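Below, in structure tokens: the form predicted alone, a single chain.
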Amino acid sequence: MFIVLIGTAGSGKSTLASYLKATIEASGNVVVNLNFDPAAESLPYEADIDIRDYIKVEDFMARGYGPNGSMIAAVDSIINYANKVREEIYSYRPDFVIIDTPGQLELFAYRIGGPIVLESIVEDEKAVVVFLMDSIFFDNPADMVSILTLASSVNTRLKRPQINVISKSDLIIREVLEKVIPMIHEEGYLESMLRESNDIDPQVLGLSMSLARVLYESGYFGEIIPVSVYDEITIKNLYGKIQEILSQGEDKKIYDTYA
């Protein structure tokens, strides 16, 4: 079973990959960490499988590609090594595989290559996407709408059950954590927050209101889980949600599972 960690650069994917692996292993499971970032300079864990053993961004930069073009080309090229990566994965006979993806979200939210490459690794196995939303996006309602819109785009493109997680939740003020997050899935709540805000540009306010309405109407709201690597309970709670989804007889979207 696969756990795919996706989020913006700096949202804490690699750190969570390390802590989540330790938590799952503590329950007696065999867990494999797969570094899926061909541009990673360093990792907070020792990757069991490292895509850099097959391909690196530097290989494309040496051919004259720019930094962004090199990352896109490198990720697209992983498709050529999918069988080898899968062979390496199954040599461990794992219960769970954690895929730590690059922070360039356009690879998965907007381009076709990222989803195709991920599917070439996962194939017909059960998988859940854990989308990390950095806590900085929860400072005001317009930013909340922005990151949730991005989360919905990833969910639409990858077509896998998705858990939306607030990473670094220890940095969020208590009022937001205890009052806003538990209510945010209730239809119209974000719109009311936007209306009550006094520091949002009118044009931004109008667009944010429209996007919030669409998110609610389309059903792209489920439970949002706060997670901090400094709070073991939150990691265990995330693991419980992952188990809950992967134990379903058929794949379900997060907004179906937790509505």
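Fair warning: this is a prediction, and the values are worked out from it, not measured in the lab. Counting begins at 1, following the sequence as shown.
One more form of this protein should be noted, the form predicted in complex with a small molecule, which is absent from this view; the next part is about it.
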Completion exercise
Answer key, the small molecule contact in the model of the complex at 4.5 Å (heavy atoms) among V229, I225, V32, I55: the residue is V229
Problem - Contact at E119, P161 and Q243 by the small molecule in the model of the complex, all three, heavy atom at most 4.5 Å - result: no
Exercise for the section: Using a 4.5 Å heavy atom cut-off, indicate which stretch of 164 to 172, 121 to 129, 150 to 158, 107 to 115 touches the small molecule in the model of the complex. Expected result: 164 to 172
Exercise for the section: Report whether the minimum heavy atom distance between P94 and the small molecule in the model of the complex is within 4.5 Å. Expected result: no
Handout entry: in the model of the complex, N237 touching the small molecule (heavy atom, 4.5 Å)
Key = no
Exercise for the section: Decide whether T23 counts as a contact residue for the small molecule in the model of the complex under a heavy atom distance cut-off of 4.5 Å. Expected result: no
Handout entry: Q248, heavy atom within 4.5 angstroms of the small molecule in the model of the complex
Key = no
